[in-house]
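As a starting point, one isolated chain is supplied in structure tokens, in the form predicted on its own.
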């Protein structure tokens, strides 16, 4: 490990924050914080047609919601800015001119149509569709001729004729033949830097010590190693973690359902659930405990314990974790988060009690309206449940409940629990089962045979409303 740990997360603002990208951000964050290092947030927005500032803002907001912070980035001070690639054009120009001047890159005048035709021919012949080096072999006179035609060249990197080697912290020794890469574009014909080139220049000038990203970048890393060496910069240490796969084993996409962090945020999952679950994909904590808060993750996580095995998304596991975190979270935190999922109830002074009363039923916060419905207007009991209040014993239970409520104070939950306990005791001594005592009261109060515990119903409805509903039956 190098002494100064500097890692980066570099999203492209071309869409929502994908769960796979959030997992990469989490691994970088855990590594940086665990090693007392620095995490840099860099925006890769060199694609002007697809990059949008609104998407950048959304990505940053989702990262903050997950509890992931950064030390340098577009919204913070830092000595290595700017942190948006579109603001770093001059840095890329200087580095590309250096490569041109040293003969490590060359202008390419091939048109898009020509390149597409070359690609078609290569694939038809069963060859890897890499650039055939047409412009690499041009003489100065031929280049001047193309300039006179008004052709604006791209700049291609001259890939050396030797095997490319790097050591991956997860996969071990990686070797690539230059024959599978070919001379690649580092600057487009419009003057904008290509992905591979801008990434290397940024990583080099920002002092990145470790690059932690998905294994779909392995071939890119071969290109990056060549660029680092050509520019005379130290090559960072690389770790390529496994990709996030759907249940069918293919790369996770929309056909598998929701794939982005804001989607799960809207569905009522807690941020601590998502980071807990994403961490468990490719990593197992040393203790046999899977429900972990952020502090526990920081304490236990070791980047060296990552597994190269595929990480398969399991929504059932995510749901299970969320139900556990709902119980672990402080009630005040849950109430703040729950308000927007049950706006019709959020102003009720008893809203915290209401949320607490249905915790055992919730998988996500979006379940709240369904489970809070019994606190609303009473429904007319269906034939399936009406028998609870029509039977002789059921009517007797309801009458007893009215009598007790009319002679008691209902100051809070403990009072309500004592009232329910007294009703149960009186009738269970007469041979009724607990269900035969409690169900008539529930049906009389709500018209339903399922719902929050009766003490919570009494407190939220209040003494007068509870008596009124019991009297109506």
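Residue numbers count along the first chain shown, from 1. Note that the coordinates shown come from a computational prediction; the quantities given were computed from them, not determined experimentally.
The next section is about a form of this same protein that is not shown, the form predicted together with glutamic acid (GLU).
- Message: Which residue, 217, 80, 146, 400, is the contact with glutamic acid (GLU) in the predicted complex, using a 4.5 Å heavy atom cutoff?
- Response: The residue in contact is 217.
- Exactly one of 56, 415, 436, 44 has a non-hydrogen atom within 4.5 Å of glutamic acid (GLU) in the predicted complex; which residue is it? None of the other options qualify; the answer is 44.
- Query: Is the gap between residue 10 and glutamic acid (GLU) in the predicted complex 4.5 Å or less for some heavy atom pair?
  - Reply: Yes, contact at 4.5 Å.
- Any non-hydrogen atom of residue 354 within 4.5 angstroms of glutamic acid (GLU) in the predicted complex: Taking the distances in the predicted complex, the answer for residue 354 is no, it never comes within 4.5 Å of glutamic acid (GLU).
- Looking in the predicted complex, any heavy atom of residue 241 within 4.5 Å of glutamic acid (GLU)? Because no heavy atom of residue 241 falls inside 4.5 Å of glutamic acid (GLU) in the predicted complex, the answer is no.
- Message: Taking glutamic acid (GLU) as it sits in the predicted complex, is residue 283 near enough to touch it, meaning that at least one heavy atom pair lies within 4.5 angstroms?
- Response: Because no heavy atom of residue 283 falls inside 4.5 Å of glutamic acid (GLU) in the predicted complex, the answer is no.
- Candidate site 195, 199 and 213: all three near glutamic acid (GLU) in the predicted complex by heavy atom within 4.5 Å: Yes: 195, 199 and 213 each sit within 4.5 Å of glutamic acid (GLU) in the predicted complex.
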